[in-house]
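Encoded as structure tokens, the following chain is the form predicted alone, with no partner shown.
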């Protein structure tokens, strides 16, 4: 097995965070504040290139002044009573014209749809304004409103998002597509508290040796049995194991180099959630937009999860 040698350079601590060095290294900061207060900012090419490099290397782009405004009456949706109680999120698929996971009267559900759709359109303007190169390779996935407090929610350890993890899906193989997410703390009073863990290359060196490849025919069988929506790649198989290994290891959760950051009311942040170790500790009333991004759009492949795993295992993780 070849060794990955990619490291991310720590930056000085910033306001709003508590840096926790852990047992293995110095404190670091992956939060990169940005000045923009418009969802379609005018950004020159050199600045955009710098932002793209930071994002692709594993930083969290943080927009403290980029606010998403309620229209009159929409504040009522901050209450968790609008959730149907079965799903943790009220969500909207890109091609749908009605929300899922919600309850309420006909007009309420229409208003919820308009609120969430407006956030989807705003976040897409932001991504395309900052990273126009992503446009031809970007697919809008789900948009959600999360109106319930995350702390204390009774879930299994695999679904416990208060544990540091990278995003990976058991039934929905991404086949190398990147997960770009735009979050917004829509709660007018309380911060959204995150922990952010060590760079992906360091994380992979800890856990990849514990992962296993698929046995012959496994991917095809899982697809035939509808365990997965499409045939799983070795990349998806390894990423899902990394997700589970990190969440199951309580010593790692406590001791890994990490930082805590409070995203204040009205703040927006953007991250590759398949690359950046993250955990949501406290907060409610958050909005989130997910995009699938083809790896063809990535300018710096050095730090991508697929590139790191391929270097470590000595072979491509995705079929050509």
Ligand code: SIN
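Positions refer to the first chain, counted from 1. Quantities reported herein were computed from a predicted structural model and do not represent experimental measurements.
What comes next is about the form predicted together with the named molecule, which is not displayed.
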| query | finding |
| --- | --- |
| 4.5 Å heavy atom contact, residue 183 and the named molecule in the model of the complex | yes |
| Residue 286: touches the named molecule in the model of the complex, heavy atom cutoff 4.5 angstroms | yes |
| In the model of the complex, residue 195 touching the named molecule (heavy atom, 4.5 Å) | no |
| Partner contact for residue 43 in the model of the complex: the named molecule, 4.5 angstroms, heavy atom | no |
| One stretch from 63-71, 254-262, 277-285, 43-51 that, in the model of the complex, holds residues within 4.5 Å of the named molecule by heavy atom | 277-285 |
| Candidate from 146, 232, 238, 178 lying within 4.5 Å of the named molecule in the model of the complex - any heavy atom | 146 |
| Proximity to the named molecule in the model of the complex, single hit among 167, 108, 202, 244 (heavy atom within 4.5 Å) | 167 |
